[in-house]
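Heads up, the chain shows up twice below as structure tokens, two forms, tagged structure 1 and structure 2.
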Structure 1
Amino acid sequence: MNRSRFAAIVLAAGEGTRLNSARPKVLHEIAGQPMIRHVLDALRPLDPAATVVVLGRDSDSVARAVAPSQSVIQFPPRGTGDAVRVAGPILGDRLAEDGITDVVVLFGDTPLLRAETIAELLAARRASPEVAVAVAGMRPADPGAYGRLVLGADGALLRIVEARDANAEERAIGLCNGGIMAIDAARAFDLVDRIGNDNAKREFYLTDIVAIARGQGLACRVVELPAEELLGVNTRAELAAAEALMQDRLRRRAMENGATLVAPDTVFFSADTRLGRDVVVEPNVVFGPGVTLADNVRIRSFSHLEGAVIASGAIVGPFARLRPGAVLEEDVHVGNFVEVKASRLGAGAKASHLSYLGDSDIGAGTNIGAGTITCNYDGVNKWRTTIGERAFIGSNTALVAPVTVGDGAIVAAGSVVTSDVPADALTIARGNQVDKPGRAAEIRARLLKEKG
């Protein structure tokens, strides 16, 4: 068994200026979660001995997003090399004590990275003790602003040159720096300490450690890895491109796990969406964070789900909206233009049309008529509505919470229910109907006469 361990340093202190945003770059979301969480998720299966995230000033929000990983502040952001140096003291003695053989540096802005890819890079570093640095290389369609990998005639990696500092010949190189590196732990911080800032940006470039290691007679390797996994998000356009790639990956995974997506390209998942087998998702459905579907659930077109747990056999939509805290038990039907928030619908309950069910508990087998509204908010507080089993709520009922409707009760259509309804009662809470025979014809005749 390979007992070597590694420490991960995730860089996230850059200012992300190219996104033109008030929010730290690494908190911009891909598939409903901050991009840096995707990077940490890719590390988890590899069980790093330590993970340190390097953050910028005023980034409590990022520190919270990466917890329980340790974080350290780099300020001012003086470049990727400086960021790695700042993490050094945190790892300090742990490198030797925990038998850490490698330091893997990752960027918080490469959300598509997978565990397998990190493992491949690590394996390349460990292949021989002479290899001080293994760099993830890639050949993106547009090398743009990526660093270029300069190889010697024998194919060895000589140095990395940043696009801004490259001459025309170097810019023409298609092999680019994917941004992740595995470095021999025994040498990592010594190499990093030697980085200078004599370059276009006056920054300490991590990429310079390749030339520094070569200068010491050490070997550096490139492992060519899939460019789409190494996509670095620096602009809104790249954010959208990363989202598209992630969605493709999530759609493929959903189908492999036994869900039918009628029109995959129109379904949007969150990274944490969980689907059972034989789920059917019709076209144009959006899954926000925190959705779990059991087997045999059908989500019909144009529905939006977030924070919802749905048991088997349920049918949702078309045009339904499930908000956080929606729990649908077996065989529930939630139909068009129904919004459910912080509410549990018991097995077989139905709310088929045009309703708002918020902060409510609805018993098994109950029917919620079209247009029923739980009036849960009094302008200051939220209150709950409780409806028993097998109740029948007539169309266009307003349930003014807090209120309870007992098992088996019938509430007449158009009621405004302000006090509790006993079990098995019929409740009519609306104005009485008054019929005036012939009166309509009289009015019409008069109006026509007046008009002449």
Structure 2
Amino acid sequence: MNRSRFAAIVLAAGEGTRLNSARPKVLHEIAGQPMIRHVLDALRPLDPAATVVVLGRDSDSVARAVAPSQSVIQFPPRGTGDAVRVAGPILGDRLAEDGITDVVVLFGDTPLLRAETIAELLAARRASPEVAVAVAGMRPADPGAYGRLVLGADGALLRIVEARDANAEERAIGLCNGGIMAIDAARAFDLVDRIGNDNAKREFYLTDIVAIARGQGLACRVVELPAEELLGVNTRAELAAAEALMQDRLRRRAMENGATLVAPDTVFFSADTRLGRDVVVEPNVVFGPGVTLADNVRIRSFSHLEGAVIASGAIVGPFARLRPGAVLEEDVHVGNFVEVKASRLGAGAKASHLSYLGDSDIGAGTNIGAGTITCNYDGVNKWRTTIGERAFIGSNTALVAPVTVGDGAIVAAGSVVTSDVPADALTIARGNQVDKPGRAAEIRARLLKEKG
């Protein structure tokens, strides 16, 4: 199968009113990524010759999210058949010029769809030149509001009946419309142009294309595909259910690729999380977008990571937070209640507890004492802190950026460092201790007398 010779139309004009949100439906996230990006990611391995996303009015944010895919506005919203019709002029002469044989129609709110499933649908359409339309079928546990697929005695698809237009016999059918279709490109837009709106909602249903094709003596068939992948998201409950299914998929993938998840159900991934072999993830860890772990990394319990790159042998947590721009080189240790943001920790560096390291470059082998903070923000600008190799930063040190600590330097505990520290220097930046013998007893006696 020449996988590159098809065009994809992704329908994303739905307003998602049942989500009760100001955000367009398809931009609600699953595994840290907008739903529609999951659909486009499923298309990418198949290399479509063209992808057109059909948007609703005031959908600039969706257009930005789907770029560089082309987009077109459907307004007013008049149903799925009209949405496909709107995409026709965008494809225009490309169907013939690029040798496109199929048009695949998908929905932007089906984030669990996989490339393999789309490929299976395409293969079914191409299996016979007589097949004008191949429709994805599924058997959900609750057919509910899904359209029903009416088959002939020979198993051919006769028509699709929307649930609201179905009679009792048709509603009893368990085989439901999965939404996505593969259509013979040479016939696609002629068939779409023939769709009418004689139905309960006065809309142009793409599903009517099957009966129209059959009326012209063309063959239509059903490809039964996993219901899990075809389920759309229309409510917050369905959004949560899709998230759970996606997380289960991502956990299985991580373990198949050689990671150990001590308590898989408590670990949450983003779609782009990358784990090396022999990674160990302890319970209650959250991976936000943009995290990459090399081999032999351990993430301890209750840690939150986002936008971080972690090299082999590193240990993170428990209760650590890595924010975007955190880079941990080989064998770095970041311990409990340490936050790292836009900072690089060199090989073997350690920050074991209770520290904030923001906008910093920390050299190999350096030890960061408990309670150390880099004071990176002056209320207007962010500034960087640079710490050399094999330095020792004592507990409760404040490094007021911009500041540099040289290789091998020692900064005494409790220091507030406002100037550069030379290499191999001992820096003490705190007030001198003053002891006044006997004064503590005098103070207590006075306080007790005042208390009466």
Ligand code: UD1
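What you see is a predicted model, and the numbers here were worked out from it, not measured in a lab. Just so we're on the same page, residue numbers count up from 1 along structure 1's sequence. Note that the rigid core is defined as the largest set of C-alphas that superpose within 1.5 Å between two forms.
Note on provenance: structure 2 matches the form predicted on its own. With the core held fixed between structures 1 and 2, residue 22 has its Cα displaced by under 2 Å.
Annotation: Cα of residue 443 displaced by at least 2 Å between structures 1 and 2, core superposition.
Positional change of residue 256 between structures 1 and 2 stays under 2 Å at the C-alpha, relative to the superposed core. Once the core of the two forms is superposed, the Cα of residue 155 has moved 2.7 Å between structures 1 and 2.
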